[in-house]
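As structure tokens, one chain now follows by itself in the form predicted alone.
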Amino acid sequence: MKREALALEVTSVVLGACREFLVNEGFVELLPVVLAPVTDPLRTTPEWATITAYGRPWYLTRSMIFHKQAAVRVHPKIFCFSPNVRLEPVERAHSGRHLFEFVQLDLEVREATRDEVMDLGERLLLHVLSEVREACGQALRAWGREVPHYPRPFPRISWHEARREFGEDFEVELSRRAKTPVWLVDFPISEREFYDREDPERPGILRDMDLLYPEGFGEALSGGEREYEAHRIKRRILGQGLSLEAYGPLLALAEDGLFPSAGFGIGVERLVRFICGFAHVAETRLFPRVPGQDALL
């Protein structure tokens, strides 16, 4: 089997397994939002993709974080396979992990805690690996890749502990050394976006998490609990030097009433890359969009 065909088959199984698992957990699927009047700030990716339509600018979705918070007002468990456009710096082209157009499995749960969605994320990942193992195990073995088994719960380490132990580039080093997926938790407030919920009992620490793949494959998913009270969201926006006006649609929703919620996003291409053992996430797509590189089609 050609590498491209293997990537397509694994991707198809991954999408089906995610959908099956989440529907069985009581989730409903949203259609994706491609254009929006406001989108994820993502301060580490400063360039924005926009179009002009009907006399005003529209943002290409960087993540559906605000739409997820709005959607759980309607249904307590939602998910979406969301196309994201993030104009990554050109130097990230060779990281092995970055495309500037990719698909994210985005989900959110009303009234959930971080621990509850971490449990969900572990069970979801292990279900996907099991389904891929059954459907594609032989084809993957022909490429020298075994679909791994992992016990749960996965280990946890705090952001500060990881930095002390592994140095400034701790995420890369932690992923490289790990033998199983590992949770990175309790990021400092300065490291994440304003919608990540500050722990009321530990000022300056966020109730969020990243899951890192082992073998050096890097970030698997990212998420946590959300700020939902208007006054706290305003304070966090201003604290990051951002404009309240720019996030007016979110603040209007918060004033009307948002639920406490928690959720995460999983990069589909990164998951397929990890399963297949590919060197670069571009190998998972027939038509990859690599930062700074031209595309034939």
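Predicted, not measured: the structure shown is a model, and the values here were computed from it. Sequential numbering from 1, following the sequence displayed.
Another form, the form predicted in complex with a small molecule, is not on view; read the next lines as being about it.
(request) Consider the chain as shown here, without its partner, and state which of I237, I266, L250, A262 has a heavy atom within 4.5 Å of the small molecule in the predicted bound form. (result) By the 4.5 Å criterion, the partner-contacting residue is I266.
(request) Sort through E122, E131, E198, E219 and report the residue having a heavy atom within 4.5 Å of the small molecule in the predicted bound form. (result) Only one option qualifies, and that one is E219.
(message) Taking the small molecule as it sits in the predicted bound form, is L242 in contact with it (heavy atom to heavy atom, 4.5 Å or less)?
(response) No, L242 stays farther than 4.5 Å from the small molecule in the predicted bound form.
(message) Within 4.5 Å, heavy atoms only: does R97 come near the small molecule in the predicted bound form?
(response) Heavy-atom contact with the small molecule at 4.5 Å: present for R97.
(message) Since only the chain is shown here, I'm wondering whether A49 would be in contact with the small molecule in the predicted bound form (any heavy atom pair within 4.5 Å).
(response) Taking the distances in the predicted bound form, the answer for A49 is no, it never comes within 4.5 Å of the small molecule.
(request) Evaluate L42 for contact with the small molecule in the predicted bound form, applying a 4.5 angstroms cut-off between non-hydrogen atoms, and reply yes or no. (result) L42: yes, in contact with the small molecule in the predicted bound form.
(request) Among 148-156, 123-131, 176-184, 82-90, mark the stretch whose residues have heavy atoms within 4.5 Å of the small molecule in the predicted bound form. (result) Only one stretch passes the 4.5 Å heavy-atom test: 82-90.
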